[in-house]
Structures are given as structure tokens and as C-alpha cells.
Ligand code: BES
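Below you'll find only one chain, the form predicted on its own, shown as C-alpha cells.
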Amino acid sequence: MQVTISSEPNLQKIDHLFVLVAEKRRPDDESVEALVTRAGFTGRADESITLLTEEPRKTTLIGVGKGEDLSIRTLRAALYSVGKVAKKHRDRRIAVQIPYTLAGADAEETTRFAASVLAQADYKYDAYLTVKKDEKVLPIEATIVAPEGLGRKELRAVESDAAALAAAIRTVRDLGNAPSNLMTPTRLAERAAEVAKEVGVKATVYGRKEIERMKMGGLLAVNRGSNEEPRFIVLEYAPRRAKKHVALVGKGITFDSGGISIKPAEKMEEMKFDMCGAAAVIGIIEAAARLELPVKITGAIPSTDNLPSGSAYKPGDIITMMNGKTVEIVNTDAEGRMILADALHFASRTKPDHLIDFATLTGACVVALGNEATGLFTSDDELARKLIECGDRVGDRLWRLPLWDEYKELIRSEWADMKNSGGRWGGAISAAVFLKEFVDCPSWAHLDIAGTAYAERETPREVRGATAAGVRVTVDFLQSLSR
């Protein structure tokens, strides 16, 4: 939905007013207070009620629990509820009052976050539904009632920032939700180039011949089982006043069958989401460009699918990577680290100040952390601290796991420099240790988004499908470099 922010919305033109109400904290608005009293509304986080009113015609009260502890999680759930109710009522114009601030945030920060979340509250990926129940319904226009103390210039800046982030998140979700028969490596590269052109970013797409000349052995090996051509995508955002350089690498496996080490059939359709790391890199760079952040960013995206065939790479094969190191293949389903390794070496050669990669890399990370946090691996304590702080601030939470040298024993090979899987135990860690062998940047972080990149089912905070995990935390980190 389209979101604006106004200190004095015209309620005569509003179809539906939504008000967030906390327990034991009555709204300052007398008319809303009267509604709360009349309805006996307590403000519990699981409570909502819609009332008929004069102006506007409908008012919905949404409980958010204890106002002094308003969390990002609670606010996201409330705003998602706003989107669902507005769609159900077929409202054209709505307004949302948020009388409280997030814990640890001021009114401006709360409003910026709320606007970017509200813009996604009616999101639904329906590109391939031929019969749409809501096709005659016009898009929702939402107005957030601005808190007191924010001037017009500040409001416009908050509104612009939120719109930029919301647009980038929608790009990521659309890319992730697209079916793999259409979102091929070629199409992913085309969309990356289209987004780059729209926001003034340089895009270079390399095909098989160029990839062979670059000796990207990992990417070429994984691609051997596919009829689809591999692609290596490089995005360069280079503002003149940039003082820092950050390289981003995203895993772009457009479909992962596991290859010769084939996955079980159950839920294999979800493996279209295995390119969500690549989508995150595209979205982060789009957001940075729209926000005009003074940080140079290089994005590197290796892309292929991973399929079994007579020409597919096999357990027992030894692959020479772009940096010259050799890898014994013990599991063809450990393909993401193979393509990331080449891209990390490429990105390291650009000499960035920080290097971050994003990958739906291991089921082991999902076992460890579930769907509530992204796994963070880094040897840089300061980088870890900053990323965790940024994640907590924007609701894109990270949890740090060890990256100790002792885990290198798990990937030791008798036949090559290393093997591509360390087995079941500590699987997320051994995968990160493998990646570290191809990084030449002191400030590197690996984000395993396997559990957070997509929601298997609808939650109280978002619709099923791609979530754009990694985007908010990284954009906030990039902004912190210029604060």
C-alpha cells in the first residue's frame, strides 16, 4: 500500500481509522478514549474490535499490550492486522494512529519503521493467479498520523526513507517468491540489471565463457547438471562522497534439488527460495541507492540451479576453485558454499572495508535457531557487535555462532585441500569455516538466513513466502557507517 505521514489527516476523506491501544494507557485523543470506554477495550495484544463511527465511518482498535514495552514484534503484528482488516473491508483510504514509541526508539524512528512495515502490510504475491478475488479493489492509501514534535521537513524525510526501504523489500520478496522455472539465473540477472538501471547503479552480467575465463570452478561445477546457463552478477554503487567500501555476496541458487545427493521430495518446492541471499543483495543495493547512502557498495551474485543429470558433479570429484584451492566433493547438496567461495574470493579482490555474505546455506542453522534469528559468523568482534545492534534496532535479529579454527578438522580431506561438507554435527559452523578459506578481508561476516529467508506459513506478522531477511539489518549497518 502507499503510505504517507501527516500531522493533521483529513478524517472526512478516510474510510477507516485504526488506533493502536495499550493496556492501562488511555489514548490522549478524547474521541478515541470514549470509544475505548464504550467498547470495554483493554488493549491486550491479542485483542481488536471494529466500531461504527461518524467520521470516519469505521474505527478499529488494535491492542498492543503494555505500551511502555512496545516491541518491534508487537508493532509488526498490529500493522499486519491493519492490512488484513483493510483488505477484508475493501477500504480505499485508511489512517493509523500509533500513540506510543518503540522501546529504545524515539517518535521519528518509530514512525519511520512503522511506515516501511505498513507499506508491506497488504503484500501478496499473486502474479500467477489468473482469477483474483480482489482484482477490482483499488490499492489502499494509508496515512500514518504523525506524532507531535515532528516538523514538515522531518516528516517528508521520514516518509521518503520509509518508501525507499519498502520498495527494496518488495523487490526482494517478489524475487524470492517467483517460481524457479521462470526465475532462472538468466532472468535473475535481467531483473538485477533492471533494478540497477532504475536506481542508477552499474550492473555487469557475466555468462559461462567469462566465468570460465575467471576460473570460477565452484560455480561451474554446480552448474554442470543444469541446462540453464550460469550467471555471475556484479552490481556497483559508487557515490562520489563515499568514505567506506562494503562488498556484499549473495547465494543465487534458483532451485536446489540437491543434485546427485538429492533431497527428499517433501517440501522440495520450497527450494525456489534458495536464491534469497542473491535477492537480499539486490534489495540492499537498491535501498542504498534510493537513500543516497554515502557508502560504496559492490555486490557479487553467483547464480545457477543445482540439478542431477549425467553431467552433474558427483561425490568424489575434486574441484579447483577460483583462488586455486582444491575441494573434494562429499555432498553435492552442499552446493551453496561452492558458488559462494568463488564470489567471496572475487569480492575480496575489490579490497572492501567490510565484506558480508547472505545465504540460505544450512538446515543445521534452522535446527539451531529456528525461524526467529539469522545465524551470524565472524571473527571480527566489532563487526559482530554493530550488526547485532543494528539487527535488534530494526527487528532483523542475528545470533552469533562460533567460527573457531578447531572446526576446520571437520572439513579436512585426504585427497584435496578441504572437503565441501563437514557432516551433520556443527553443520552451520563447518560451512562458515569452509567459506572463511576463500575470504581475504579482516572484517567479514557470514549471515546464514536459511531459517529466516522465508515463512513456511502465514504468521501473525507477515504473509507466507519470502521475508527479505538481511535487508533491514544491513541497510541500518550501512547507515551507521555514515552517522
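Numbering starts at 1 and follows the sequence shown. Values in this document were obtained by computation on a predicted structure and should not be read as measured data.
The same protein also exists as the form predicted together with the named molecule; that form is not shown, yet it is the one meant from here on.
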**Message:** For a quick test of understanding: in the predicted bound form, does each of Gly207, Arg231 and Asp342 have a heavy atom within 4.5 Å of the named molecule?
**Reply:** no
**Item:** Option from 331-339, 144-152, 281-289, 191-199 whose residues, in the predicted bound form, bring a heavy atom within 4.5 Å of the named molecule
**Value:** 331-339
**Message:** Taking any heavy atom pair closer than or equal to 4.5 Å as contact, tell me whether Ser226 reaches the named molecule in the predicted bound form.
**Reply:** no
**Request:** With heavy atoms only and a cut-off of 4.5 Å, decide whether Ser303 touches the named molecule in the predicted bound form.
**Result:** no
**Message:** Just checking whether Leu387 would be counted as a contact of the named molecule in the predicted bound form - the rule being heavy atoms within 4.5 angstroms.
**Reply:** no
**4.5 Å heavy atom contact, Asp256 to the named molecule in the predicted bound form** = yes
**Asked** Out of Met271, Ile319, Ala203, Ala368, which one falls within 4.5 Å of the named molecule in the predicted bound form, going by heavy atoms?
**Response** Met271
**Request:** Using heavy atoms only and a 4.5 Å cut-off, determine which of Lys263, Arg93, Lys215, Lys124 is in contact with the named molecule in the predicted bound form.
**Result:** Lys263
**Request:** For the heavy atom contacts within 4.5 Å of the named molecule in the predicted bound form, list the residues of 410-425 involved, in sequence order.
**Result:** Ser421
